[in-house]
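Next up: just one chain, as structure tokens, the form predicted on its own.
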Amino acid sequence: MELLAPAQPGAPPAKSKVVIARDDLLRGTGSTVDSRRMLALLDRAMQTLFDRDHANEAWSRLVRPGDKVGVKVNALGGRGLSSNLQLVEAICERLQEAGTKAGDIVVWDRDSDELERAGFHLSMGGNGVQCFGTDRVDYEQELVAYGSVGSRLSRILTQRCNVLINVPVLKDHDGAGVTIALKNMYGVIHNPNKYHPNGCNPYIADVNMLPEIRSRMRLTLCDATTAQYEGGPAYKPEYSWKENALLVSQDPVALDYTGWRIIERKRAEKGLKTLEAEGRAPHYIATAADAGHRLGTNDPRRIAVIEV
């Protein structure tokens, strides 16, 4: 895997890239995402993020043959507002072309029933891509801690993968303001309900600082094919819209900041108050960027948003 050269003394810090790839024809004339168009959209996003001419070259920056890759989806919203099945299939296809064995890929979330309700086909064992919830393997017995957080981690994370690809959904959250990349890691711990006070701040940032999560995280591929601007995290069709987009970055803080702005624009378009005015601005994003965390940047001057 290529390593980025260290910054030169006095050089301005590199901007965090967030790619927004859109395809207004992603669903054709129907309501279901077209698999071929999704694969092309994913390729365009990855090639832009890694500045490569071919998708395989981009994926080879992330994984090596022999890696065990966890694709952490969000299945809470059922078929209406969970990580898109066609997107996940496209990711798995490109991972295999980059040299990852199908059996070394696990698509997962906390609960197997939720995965099934979201349209995923459960598979545990054999040589194909694996798909199941933490409920099938449980959490580690020992607590791990950082800052205000002490949690047991999914054994899928600790025992089944050394590379983590985060596939959240772009949506509103009634407490945290938004739930995108950073909050999707609440699906990795055994006690997420404990960490919802104060808009989940600083808890979301602290969860993402747990070494077992941070050391494995390689990429966030946010599903914005269908997004939600109010009433989340459960699916509320009256507040959802077809954005037909992917947000892709290696900086989860920059991605969350960018996704937050998209949600705010949609709220303004619909005549709703800002999240700040509602008392639920996602302050955890700034915490994740602060000197005690440094998980990424929330400074728009240091974020390069590239729309393709």
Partner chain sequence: MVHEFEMKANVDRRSFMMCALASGAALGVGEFPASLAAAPLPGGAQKQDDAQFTVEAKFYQKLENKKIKCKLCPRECTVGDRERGYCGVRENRGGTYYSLVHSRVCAAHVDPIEKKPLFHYLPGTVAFSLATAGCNVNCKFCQNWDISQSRPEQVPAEFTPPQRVAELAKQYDCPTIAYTYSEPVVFSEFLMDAADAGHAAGIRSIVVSNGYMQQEALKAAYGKMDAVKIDLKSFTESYYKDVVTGQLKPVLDSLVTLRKMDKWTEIVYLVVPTLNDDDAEFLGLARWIKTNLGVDVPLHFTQFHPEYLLKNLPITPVPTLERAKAIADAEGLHYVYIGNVPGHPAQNTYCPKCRKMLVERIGFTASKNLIHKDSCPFCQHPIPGVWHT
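Numbering follows the first chain given and starts at 1. Given the structure is predicted, the values throughout are model-derived calculations rather than measurements.
This protein has a second form, the form predicted in complex with its partner chain, left out of what is shown; the following refers to that one.
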| Taking heavy atoms only, is Gly103 within 4.5 angstroms of its partner chain in the predicted complex? | no
| query | Going by a heavy atom distance of 4.5 Å, is Tyr139 a contact of its partner chain in the predicted complex? | reply | yes
| query | So, in the predicted complex, is Leu76 in contact with its partner chain at a 4.5 angstroms heavy atom limit? | reply | yes
| said: Is it the case that Asn191, even though its partner is missing from this view, gets within 4.5 Å of its partner chain in the predicted complex, heavy atoms only? | reply: yes
| message | If the criterion is a non-hydrogen atom within 4.5 angstroms, does every one of Glu93, Cys161 and Arg216 touch its partner chain in the predicted complex? | response | no
| Among 161-169, 84-92, 216-224, 229-237, the region lying within 4.5 Å of its partner chain in the predicted complex by heavy atom distance | 229-237
| query | Which residue, Gly128, Gly80, Gly99, Gly150, has a heavy atom that falls within 4.5 Å of its partner chain in the predicted complex? | reply | Gly150
| task | Would you give me the residues of 193-232 that have any heavy atom within 4.5 Å of its partner chain in the predicted complex, in order from first to last? | result | Asn193, Lys194, Tyr195, His196, Pro197
